[in-house]
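Have a look below at one chain only, the form predicted on its own, in structure tokens format.
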């Protein structure tokens, strides 16, 4: 078992490095897509629920080139950024959430439940981990060099299925990458009130490696993860824990955090930090992303409702 620890975060977040255009464009696409979802819900244009990844967009962006088309990605209830990083398909995703023609799953999956190629998401906490372990076993036997990546949150460590899956991953040397987006709160419960010990300690109990990420800098995160992900492909399961910040509410407007917690999340948010550190790079691409998402919303909103039926 190996554990790699990143430096502890400074009092003031460090300056972010200049990103490649495609990385910044993807970050901004996810940010403005999520903001538009909250606006659409507030305007009564959407039904059901949604859980945005505001503040956490850099996690799937950092992982994007490290995952190939043969890899499986299992997402969770807060998965729009995972989907957009995988496919870049804002039209299909919004159509799914709005129940319009051209929806990725015919409009029946909504915000949380998506299936496309080797990508699956679910709103059931912990459900994906045992499934991902089974897929990883299949990949080890039939497609060596591919892996199963599963995204979970800090609250999911209260589910027994997590430990059953980790046990099998360690016993069978599965190519399983567990990405933990630890934003410090499980819906309305602070992590310290629901998680005894540490995520690193729980991975260590199974002899599984743990890598902690406290940076929000894609250029810093990605090269550190690249050799570790290569190790997963050879049968060394790994838990990568991102200490991140949930900028928005749990779902739509239900934010129970005290003001200081929300303020701390905003102080660490990559969006304003990058705008401050690289204004010449940020503002043109930000304007482009805003316009792109506005165009997506206008086009998808004009589509007729999806007519998909399992009996068709």
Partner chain sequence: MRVAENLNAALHGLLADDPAAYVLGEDVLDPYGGAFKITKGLSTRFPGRVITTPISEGALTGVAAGLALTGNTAVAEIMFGDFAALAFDQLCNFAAKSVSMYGSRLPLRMVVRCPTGGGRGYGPTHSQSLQKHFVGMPGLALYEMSPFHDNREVLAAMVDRGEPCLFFEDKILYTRPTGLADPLFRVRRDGDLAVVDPDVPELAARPDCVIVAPGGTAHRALGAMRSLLLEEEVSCRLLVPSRLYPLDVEALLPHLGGVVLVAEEGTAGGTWGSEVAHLVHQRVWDRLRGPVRLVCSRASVIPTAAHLEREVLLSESAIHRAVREALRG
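On a predicted model such as this, the values are computed, not experimentally measured, just so you know. Numbering follows the first chain given and starts at 1.
Form predicted in complex with the partner chain: not shown, discussed below.
This chain is displayed without the partner chain, yet in the predicted complex the stretch 168 to 176 from 76 to 84, 199 to 207, 212 to 220, 168 to 176 comes within 4.5 Å of it by heavy atoms. The partner chain is not drawn, but in the predicted complex it has a heavy atom within 4.5 Å of residue 127. Put simply, residue 113 is close to the partner chain in the predicted complex: some heavy atom of it is within 4.5 Å.
Although the partner is absent here, residue 101 lies well away from the partner chain in the predicted complex, with no heavy atom inside 4.5 Å. With a 4.5 Å cutoff on heavy atoms, residue 145 does not count as touching the partner chain in the predicted complex; it lies far away. Looking at the partner chain in the predicted complex, residues 121, 133 and 164 each place a heavy atom within 4.5 Å of it. Of the residues 231, 109, 92, 155, just one reaches the partner chain in the predicted complex with a heavy atom at 4.5 Å or closer; this is 109. Scanning 134 to 160 for heavy atoms within 4.5 Å of the partner chain in the predicted complex gives 134, 135, 137, 138, 141 in sequence order.
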